[in-house]
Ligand code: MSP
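Just one chain follows, in the form predicted on its own, and it is written as structure tokens.
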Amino acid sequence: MPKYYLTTPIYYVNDVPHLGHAYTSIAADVLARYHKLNGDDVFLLTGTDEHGAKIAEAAKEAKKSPQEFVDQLVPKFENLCKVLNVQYSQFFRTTNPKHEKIVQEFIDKLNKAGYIEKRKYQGLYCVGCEKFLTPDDLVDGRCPDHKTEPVMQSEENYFFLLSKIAEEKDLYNLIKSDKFKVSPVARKNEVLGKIKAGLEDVSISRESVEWGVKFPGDESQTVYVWVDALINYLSATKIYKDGPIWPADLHLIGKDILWFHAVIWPAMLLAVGEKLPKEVFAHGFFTIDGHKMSKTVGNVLDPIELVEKYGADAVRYAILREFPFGEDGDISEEKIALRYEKELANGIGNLLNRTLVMINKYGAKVSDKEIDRLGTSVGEKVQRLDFHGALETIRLIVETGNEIIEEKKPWELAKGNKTKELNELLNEVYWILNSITKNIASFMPDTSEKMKKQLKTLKPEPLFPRIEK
């Protein structure tokens, strides 16, 4: 079987998971399920990033040790996957001692290859980002993401010679030629533009951060949390029995961490002689009711609460259906509720229910003949990560099924004793439902199984019960 190694980011555990984590994980699970259904040997890696200054700071505020702090939060991320029906192959933790050893070995290789140098550095450091920022990165003197003023920090650190390796291995043209694919095209062009403007070497250790992997050969420093985190994709191939095979086929990430994955990570791999991942895809962000998600504003959507109200399949459907994957867009509970009512309950649910009721009422004989009305187009769209387009294709075929019923009026055919025409009509809609069942399996696995059972037994049950407003 062809192998398919897919990763989500490993999520930073300084707080409880939110809808942003859910978004990437659901998309990854849809891809993983699609490849499994097509016979691929799939390995989906997800997990948590547990080192760094933010964790230490949050643990201190909670009056816990960093390890105690992450140990209490990790189960919440594991539970999010369970609630959303995300079937990962392994859940990775960067506090795994085997991973920490592999990180040190990787850094040692970088050093021996001549790509690490110790230097004194002074710059503007954002604790929230856990990285140094340039004046150009700031908006009104503040970090654009955390709205805080960075502090001037001076340290003697170990630097990864990013500019040297990028020039030696011509990283620019590797990306431009898609030998190392960065997607979508807008993100690729963004990365190429920044590389062309000039690369600076990257500090890969911290002198003042104690919570992290000790830097090999100098225990007064810890490995920069981002370097530690990136290596998880490779260390997973060495830690897990029957685990994935490097290189990864796809790193699925949010656009805020594009630079680490599209420039620093491939440069690190090139420096130690490892193969590059085949593709990095950076999706966009969503706003909530037109505003950036924020605890202060009070517009944070809890994915677990949404699942409790609408069900996992409906949440999976709604957030991938709302706008094209890769672009920015807006979501809200009202929008999720509307998709649930119009496209799920009144769309798929209504088509299935009314068809089965009429098959029973009119004694129609339906066959298991398969006519996949949309498999090729849906499959092609899923492979391109066009989840929005795939779900729109499915919605249109649901609409077609309901329109066929309205136009051909089976109740009138029954009154006129047109048994042959009635049977042909109900078979046509029955086959459409079989096609829908097959094609929603990656997106809404539980719904697909329920539909399969009902189509086999011809016993209708509500797929999407009415939600009290």
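The model shown is predicted, which means the values in this text are computed figures rather than measured ones. Start at 1 and count along the sequence shown; that's the residue number.
The form predicted together with the ligand exists for this protein as well; it is not shown, and the discussion that follows is about that form.
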* Stretch from 190-198, 285-293, 107-115, 334-342 whose residues place a heavy atom within 4.5 Å of the ligand in the model of the complex -> 285-293
* Asked: Are any of the heavy atoms in Gly20 no more than 4.5 Å from a heavy atom of the ligand in the model of the complex?
  -> yes
* Partner proximity in the model of the complex: Asp29 to the ligand, non-hydrogen atom cutoff 4.5 Å -> no
* Asked: Quick one: does Asp256 come within 4.5 Å of the ligand in the model of the complex, counting heavy atoms only?
  -> yes
* Does at least one non-hydrogen atom of Ser203 fall within 4.5 angstroms of the ligand in the model of the complex? -> no
* Looking at Ser183, Asn85, Thr393, Asn232, which is the one with a non-hydrogen atom within 4.5 Å of the ligand in the model of the complex? -> Asn232
* Asked: Even though the ligand is not shown here, does it sit in the model of the complex so that Ile10, Thr24 and Trp226 each have a heavy atom within 4.5 Å?
  -> yes
* To do: Using the arrangement in the model of the complex, list in sequence order the residues of 38-66 with any heavy atom within 4.5 angstroms of the ligand.
  => Asp49
